[in-house]
Ligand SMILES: Nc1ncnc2c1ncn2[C@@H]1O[C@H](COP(=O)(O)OP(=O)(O)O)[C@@H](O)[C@H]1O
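Read the single chain below, which is given as structure tokens and is the form predicted on its own.
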Amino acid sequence: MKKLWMTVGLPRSGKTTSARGMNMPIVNPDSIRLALHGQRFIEESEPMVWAMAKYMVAALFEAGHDDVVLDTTNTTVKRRDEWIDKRWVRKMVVMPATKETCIERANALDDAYILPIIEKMAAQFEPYDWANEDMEWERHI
């Protein structure tokens, strides 16, 4: 069965670093945004960004990959459930970095832009459904 490895964590929690270490093709909406319009975020472009991400995941599986990494925050149940698909199973890679740790990392990188986003996502973060039979979980530090 094909596996979609979904990172789960706040911005600056180590999702991309972990994804790169998995040695699998990666779909990253931040990279799509930069390729599409050269900016971190434009609200009007988000439907296109997410449609492209979904097509990219499906295309990578169609191209013969058994494992694909979706490198994004996935901080809400709704966002995680948008990736339910009969063509693959979801496997979550949880990045347990706290809000405070992510803020420290952003400050160390002089990335003030991301600070309110970390705050917002930490406030909306929804717990994982550990019992969901369609998911398997891994905890990365």
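Here the structure is a predicted model, which is why all the values come from computation and not from measurement. In case it trips you up, residue 1 is the first one in the sequence shown, and so on.
Same protein, other form: the form predicted together with the ligand, not shown, and the subject of what follows.
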**Study point:** residue 34: touches the ligand in the model of the complex, heavy atom cutoff 4.5 angstroms
**Key:** no
Practice item. Considering only heavy atoms, tell me if residue 17 and the ligand come within 4.5 Å of each other in the model of the complex. Key: yes
Check your understanding: Contact between residue 109 and the ligand in the model of the complex at 4.5 Å, heavy atoms?
Key -> yes
Review point. In the model of the complex, does residue 105 have a heavy atom within 4.5 Å of the ligand?
Key: yes
